[in-house]
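The chain below stands alone and is given as structure tokens, in the form predicted alone.
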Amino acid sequence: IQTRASLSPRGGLEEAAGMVPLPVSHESATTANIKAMKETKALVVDTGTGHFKCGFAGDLWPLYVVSPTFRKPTWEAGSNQRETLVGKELQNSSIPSTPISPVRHGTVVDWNSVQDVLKCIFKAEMKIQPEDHAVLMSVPSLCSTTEKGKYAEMLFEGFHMPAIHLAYQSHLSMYSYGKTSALVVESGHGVSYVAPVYEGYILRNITGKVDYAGLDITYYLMKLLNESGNTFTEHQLNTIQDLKEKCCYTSLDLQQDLSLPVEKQQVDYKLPDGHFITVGKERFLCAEALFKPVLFGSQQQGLLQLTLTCLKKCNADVIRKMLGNVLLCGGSTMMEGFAERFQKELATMFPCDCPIIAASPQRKAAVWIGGSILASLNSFQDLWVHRYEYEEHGSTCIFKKCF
């Protein structure tokens, strides 16, 4: 199955050379349906497992990065208090509540909760009326036809948006690099992908997916720390996440790092209560799980093996193109040394092809940035799916214009 990108391989991305988005232009064939679009910027929304990223087309970075963890307070019967807490309200609240994770391993499992979270973000955080804005929303690279229809239903019927566009996350990550052909290696919070995109077409039949990513590394780091004498619990995952981002790295030579004197392995980390702990070999052992997920109990392929499996399914011409444009995306690839390790091991697998790894400093938000660029291009504006089209043709028009 080959799915064409929502942007012409020639012309569109050249407008965004240097990753500088162009001003938004909202022209329409039907004035009644897009009156608001002429005066407002389109929204760009990336619904990830760990964070929802929201902002306006043409901006360089999302304005709001909010955890989709959603809590329903346990109010007494008959109470008039708020029924949901999300974002800053959730962080600042001590009210007893039930946590809900509406997105797991990149897949929506609770559509009502996703809609509730987005409603809170639009109304409470962004302070906008969603019916005044077109929206470009990312969807998983292996999203099913049914799921695409549910996204459209939520946006058109739940939020009454005047126009929408759905785009695969791998396409958007690629656009953030200004490419139209690439091997996108993406590892975020709850899921990792390896997706080949060739001349604007995502090769979905050979796209690989594994259900582990940054959250699994955080849990594995907690396990390693506890085996070293600490007593961290799941309630301290945010602390472990912060420690991972500040102190951990990917080893370029594991045996060499393990042979270092203990004092050279160690760093001190300040806990929220002001106390310090010393972190040693856990700093680099945790990252090994991305290459060997068996370390945290998963039988799935490591990211390098997943990449190799994907490339082996490509013909020779496509392999050469992919190896010359390997793009790292997602927060889990941000760990110090990851890009160099990936380059080193991929070069060992393909010694005659000189793989080229690209690792943008902004790759943590690559999907959102690509969406911001795409939605702001003049050449893209005819690809909005308007509400009148959806009302007349249903989800069929989504597939014609977006995929």
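All residue numbers refer to positions in the sequence shown, first residue = 1. What you are looking at is a predicted structure, and each value in this text was computed from that prediction instead of being measured.
This protein has a second form, the form predicted in complex with a small molecule, left out of what is shown; the following refers to that one.
Shown alone, this chain has one stretch from 210-218, 227-235, 128-136, 160-168 that lies within 4.5 Å of the small molecule in the predicted complex by heavy atoms: 210-218.
In terms of contact with the small molecule in the predicted complex, the residue from S181, Q241, S101, S298 that brings a heavy atom within 4.5 Å is Q241. V191 is the sole member of L303, V191, V197, L172 with a non-hydrogen atom lying within 4.5 angstroms of the small molecule in the predicted complex.
Interface membership of S376, defined by any non-hydrogen atom within 4.5 Å of the small molecule in the predicted complex, is ruled out. At a distance threshold of 4.5 angstroms between non-hydrogen atoms, P293 is out of contact with the small molecule in the predicted complex. Proximity of A339 to the small molecule in the predicted complex falls outside the 4.5 Å heavy atom cutoff. Residue contact with the small molecule in the predicted complex: M334 places a heavy atom within 4.5 Å of it.
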